[in-house]
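Just the one chain here, laid out as structure tokens, in the form predicted alone.
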């Protein structure tokens, strides 16, 4: 695969949160200590941050695990903890890599509701995923990348038009694009 270099530039004062595919935690910090650390780095007012933390812990069913080490959590619990840490900062932009890995159906629903709430608040969401049926339901614009190359971009309607599949799903369009590329070789 041919890797590309690039740059992403944000306007001054834009806050963003990154949610990696594989959760990353400091081994020696509990989830609550991770939240304290995030709040300190972001300069969040203590009263506001603690209220938000309690709400998110309750919403994601992690209240009784807040003072435990995330390294002891299940994969799904770790993913939920990463979501909480991202949301604590109330960012302008979320950068999310494969958010559905390890989430059970209830946690996925909760995550999607949270993202929708954040989008309605005005936050931008940039998500990388292979779960095309879910992406189709929650995203407004798409970039289709195949074999390291940008092959299509735009709304679902734009992509359908490019693939000549007027009622096609994002999954069907992706395969049309992938098959079309493999035939060119």
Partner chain sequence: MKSNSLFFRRLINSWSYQFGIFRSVADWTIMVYLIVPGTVIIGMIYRSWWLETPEWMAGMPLFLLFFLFYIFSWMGNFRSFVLEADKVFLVKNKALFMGMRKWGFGYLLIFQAISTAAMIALFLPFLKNRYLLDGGQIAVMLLFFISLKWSIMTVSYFLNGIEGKFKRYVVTFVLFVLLSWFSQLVYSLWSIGADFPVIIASALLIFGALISVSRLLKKISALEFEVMLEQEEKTKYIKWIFMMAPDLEKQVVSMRTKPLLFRNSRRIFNKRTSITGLAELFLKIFIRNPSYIFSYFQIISVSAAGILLIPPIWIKVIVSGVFLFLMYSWLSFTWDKAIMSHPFTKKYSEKDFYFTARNKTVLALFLLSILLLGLFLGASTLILARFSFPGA
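Positions refer to the first chain, counted from 1. None of these values were measured; they are calculated from a predicted model.
The protein also exists as the form predicted in complex with its partner chain; that form is not presented, and the subsequent description refers to it.
**Q.** Contact residue in the predicted complex, chosen from 141, 48, 119, 68 - any heavy atom within 4.5 Å of its partner chain
**A.** Among 141, 48, 119, 68, a heavy atom within 4.5 Å of its partner chain in the predicted complex occurs only for 68.
Q) Taking 4.5 angstroms as the cut-off for heavy atoms, does residue 28 touch its partner chain in the predicted complex? A) Contact check for residue 28: yes, within 4.5 Å of its partner chain in the predicted complex.
(Q) Test of understanding: in the predicted complex, would residue 33 fall inside 4.5 Å of its partner chain by heavy atoms? (A) Yes, contact at 4.5 Å.
Q.
Against its partner chain in the predicted complex, would residue 72 count as a contact residue? Criterion: heavy atoms within 4.5 Å.
A. Yes, residue 72 sits close enough to its partner chain in the predicted complex that at least one of its heavy atoms falls within 4.5 Å.
Q. Can residue 24 be called a contact residue for its partner chain in the predicted complex at 4.5 Å between heavy atoms?
A. Residue 24: contacts its partner chain in the predicted complex.
Q) Can you pick the stretch from 156-164, 36-44, 54-62, 131-139 whose heavy atoms fall within 4.5 Å of its partner chain in the predicted complex? A) Stretch with heavy atoms near the partner: 36-44.
Q) Out of 134-154, which residues reach within 4.5 Å of its partner chain in the predicted complex, heavy atoms considered? A) Result: empty, none.
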